[in-house]
Ligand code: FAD
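Below, in structure tokens: the form predicted on its own, a single chain.
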Amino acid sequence: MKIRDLFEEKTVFSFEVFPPKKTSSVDVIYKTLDELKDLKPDFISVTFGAGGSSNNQFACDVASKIKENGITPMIHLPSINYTKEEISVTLDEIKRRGIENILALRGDKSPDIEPKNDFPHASDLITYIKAHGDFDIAGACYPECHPDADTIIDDIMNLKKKVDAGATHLISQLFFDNDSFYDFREKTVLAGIDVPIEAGIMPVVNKSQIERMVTTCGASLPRKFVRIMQKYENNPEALRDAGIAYAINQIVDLIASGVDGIHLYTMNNAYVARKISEAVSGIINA
């Protein structure tokens, strides 16, 4: 099923998972998927490796498992470290496995990998994918501006290029202040971006993890969020429960404000995903 069709029917609720490190057993992620399937998300996206065919294969294996579990899969496809030929091979593999949905990304620059120049922007990748198969293509967006963009206006204009190239819906980077998302959404409307936007929500499960993610994506931390981390940083269970509560409050407010969908960054934590899913299941399509 193409994910774009879901937005015409409902408020979409989806998960993101990532393949385990090479040093971990693949059974770890398969166990997580077995637990997540009972929650009946509308789709599950799986992140892609930074480089190398083994990483690509791993992500495709996980996406295939998601499909076997009766859930629509979406596979992330970053392009900065790949040539057109490598992307073509990957698209053929994705197609062979019957996977219809791709999240097209430029990808993060890595100090250990020399970037390729075939796809300098995600919009270039989207155009390429459109010419190489009947895929449903999503794009990423940054409510608080992409770290590499000079201004939010430049970032919105680049986002418009993704949509014009063929992205049928967008998934946002994580954020902790809903007002930032609402302000961003207003700007997309003014720019003529008229595709559904899923709000990316990441529950806090440990302090160092969230600080690392914030450094990478540039999300700001509201004072009430900082107070939670400071109070419970030495109590992992309390921090986890407080993070779950904070995420639930965000989601309730977003749904009440007419968000197109919620994309939950599960960090492969089925317990957290379950707690949040159970808390919002009665309101998400009420």
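All values reported here derive from a predicted model rather than from experimental measurement. All residue numbers are counted from 1 along the displayed sequence.
Just so you know, the form predicted together with the named molecule exists too; it's not on screen, but the next bit is about it.
Colleague: Tell me the stretch among 118-126, 175-183, 93-101, 212-220 that has any heavy atom within 4.5 angstroms of the named molecule in the predicted bound form.
Modeller: The contacting stretch is 118-126.
Colleague: Quick check on Ala191: any heavy atom within 4.5 Å of the named molecule in the predicted bound form?
Modeller: No, Ala191 sits far enough from the named molecule in the predicted bound form that none of its heavy atoms falls within 4.5 Å.
Colleague: Does the 4.5 Å heavy atom contact test between Gly107 and the named molecule in the predicted bound form come out positive?
Modeller: Yes, contact at 4.5 Å.
Colleague: Going by a heavy atom distance of 4.5 Å, is Cys141 a contact of the named molecule in the predicted bound form?
Modeller: Taking the distances in the predicted bound form, the answer for Cys141 is yes, it comes within 4.5 Å of the named molecule.
Colleague: Taking heavy atoms and a 4.5 Å cut-off, does Asp134 contact the named molecule in the predicted bound form?
Modeller: Taking the distances in the predicted bound form, the answer for Asp134 is no, it never comes within 4.5 Å of the named molecule.
Colleague: Between the options Ile171, Ala165, Ile87, Ile71, which residue brings a heavy atom to within 4.5 Å of the named molecule in the predicted bound form?
Modeller: Exactly one residue meets the criterion: Ile171.
Colleague: Exactly one residue in Lys161, Lys130, Lys207, Lys187 has a non-hydrogen atom within 4.5 Å of the named molecule in the predicted bound form; which is it?
Modeller: The residue in contact is Lys161.
Colleague: At a 4.5 angstroms cut-off on non-hydrogen atoms, which residues of 75-98 are near the named molecule in the predicted bound form? List them in order.
Modeller: Contacts from 75-98: His76, Pro78.
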